[in-house]
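The form predicted alone is given below as one chain in structure tokens.
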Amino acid sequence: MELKVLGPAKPAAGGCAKGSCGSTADQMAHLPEAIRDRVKNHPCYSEEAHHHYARMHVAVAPACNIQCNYCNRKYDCANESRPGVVSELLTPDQAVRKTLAVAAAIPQMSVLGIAGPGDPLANPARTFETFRQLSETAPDIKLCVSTNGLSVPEHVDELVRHNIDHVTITINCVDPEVGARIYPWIFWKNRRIRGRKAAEILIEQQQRGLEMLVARGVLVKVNSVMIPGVNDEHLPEVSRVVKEKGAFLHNVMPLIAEAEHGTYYGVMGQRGPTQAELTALQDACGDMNMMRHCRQCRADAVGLLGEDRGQEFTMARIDAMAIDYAAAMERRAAIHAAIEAAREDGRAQQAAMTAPAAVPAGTRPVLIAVASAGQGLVNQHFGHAREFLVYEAGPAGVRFVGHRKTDQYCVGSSTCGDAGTALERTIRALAGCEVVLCSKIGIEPWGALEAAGIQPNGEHAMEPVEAAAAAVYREMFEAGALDAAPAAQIA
């Protein structure tokens, strides 16, 4: 049979085949052209696009109208990378200036979102003034909002008026009994409401808002936080319900519950899911189009997914910048056209490299970690990686299943090779992976990876990631390496 990058058969409207991992090129093929155009350069709505395009969030919305047990908002904080955390709160005027500065300095930036640090629709005046100005001064940038959904129904008209056609709603449950364990209270019609009643109101508003947005042609992504023992068994039902109501994409994210973050769940010892548990749950969510490349960004994140360049764009630095946005728009248009041309070339190269191979159905799959600096290529030195993309290669093809964050092993010629603790953490983060693809790797980490049962591979540098993973899988099959169970991983 031919080994190829996974591309599902045409699914029912609004979804992809079971286990799919976002709107890759093949997965977008069944969509109407108008929809493809809206997601092709959106790094959150398209797994393929996130290799090429950047996003930014502006922190103009400090207040929130609900309390979640997994949330603790922090201001003036540069040391944590999670939702609800920012270094600077901005006024709408500052947010617009910052957006123009980032778009001029990072021309592959395609999306501006408001995601907090509170809830954008609990701060409607600040949120919509920011959007109003940006729609006038930067019409080439997509505008997005991420909300808990409590206030969506009353703001649908204004969202549409400002051409916001990508909205994310965090929906963790459709059962009030489950919701009462996640949300201590909501602030609704000038009253604080607690317990099951609060969850009932929130769920009703979320579902009504989802339906209203879809009816107006807005693409809705649903975020869900996986909380073991609380909503993990319930989330497949959430996925089924939101798909039926027209959600475009479902993003099941792991709970972040380190005690030092000060959340209720963190302080009370609620654990987060393992990577295996998260992947299994994502696979269990039927044939809903599933996002697996989320990085759970800060509310002031800047850059490609997986990186944060926010400290380069503090207001003190921006105030010293001279910004010619008209010229920047022309440059951005040219660079975006070049990106799209490169993506087409990459798809052609990938198709040419993915040669037929006789890999029988039922042959066990393999997890392959990839060090990539973007562009969808194997183009990063092992020692420079702060995260690894993880792909599952099997007889039917290659699919993206997630990412593993780690510490940079090599931080300069004087320390590279001396960072044993960082290397140990990296190997632990790669547990379950049998191969690491990278552009280069040193002798010491090579030996440590092999000792842990992980095979380093630098032979596919600058090749498209999926094609390289497919090639390695074929090589493993031909060498008889898939006959046995994978080697034991380091604890």
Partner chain sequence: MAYSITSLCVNCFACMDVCPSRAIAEAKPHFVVDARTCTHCEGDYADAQCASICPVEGAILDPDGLAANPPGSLTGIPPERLLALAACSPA
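Everything numeric here is computed off the predicted structure, so don't read it as measured data. Numbering follows the first chain given and starts at 1.
Keep in mind the form predicted in complex with the partner chain is missing from the figure; the text below concerns it.
field: Among 185-193, 247-255, 139-147, 376-384, the region lying within 4.5 Å of the partner chain in the model of the complex by heavy atom distance
entry: Looking at the other structure, the answer is 185-193.
query: Among 166, 243, 404, 126, which has any heavy atom within 4.5 Å of the partner chain in the model of the complex?
result: Only one listed residue qualifies here, and that residue is 126.
query: Which one, 281, 198, 89, 212, lies within 4.5 Å of the partner chain in the model of the complex by heavy atoms?
result: Partner contact (heavy atom, 4.5 Å) among the options: 89.
- prompt: Can we say 63, 67 and 268 each have a non-hydrogen atom within 4.5 Å of the partner chain in the model of the complex?
  reply: All three within 4.5 Å in the model of the complex.
is_contact(residue 264, the partner chain) in the model of the complex, heavy atom dist at most 4.5 Å: Flag for residue 264 set to yes.
task: Would you check, heavy atoms only and a 4.5 Å threshold, whether residue 122 touches the partner chain in the model of the complex?
output: Residue-level check for residue 122: yes, a contact with the partner chain.
message: Taking the partner chain as it sits in the model of the complex, is residue 259 near enough to touch it, meaning that at least one heavy atom pair lies within 4.5 angstroms?
response: Because a heavy atom of residue 259 falls inside 4.5 Å of the partner chain in the model of the complex, the answer is yes.
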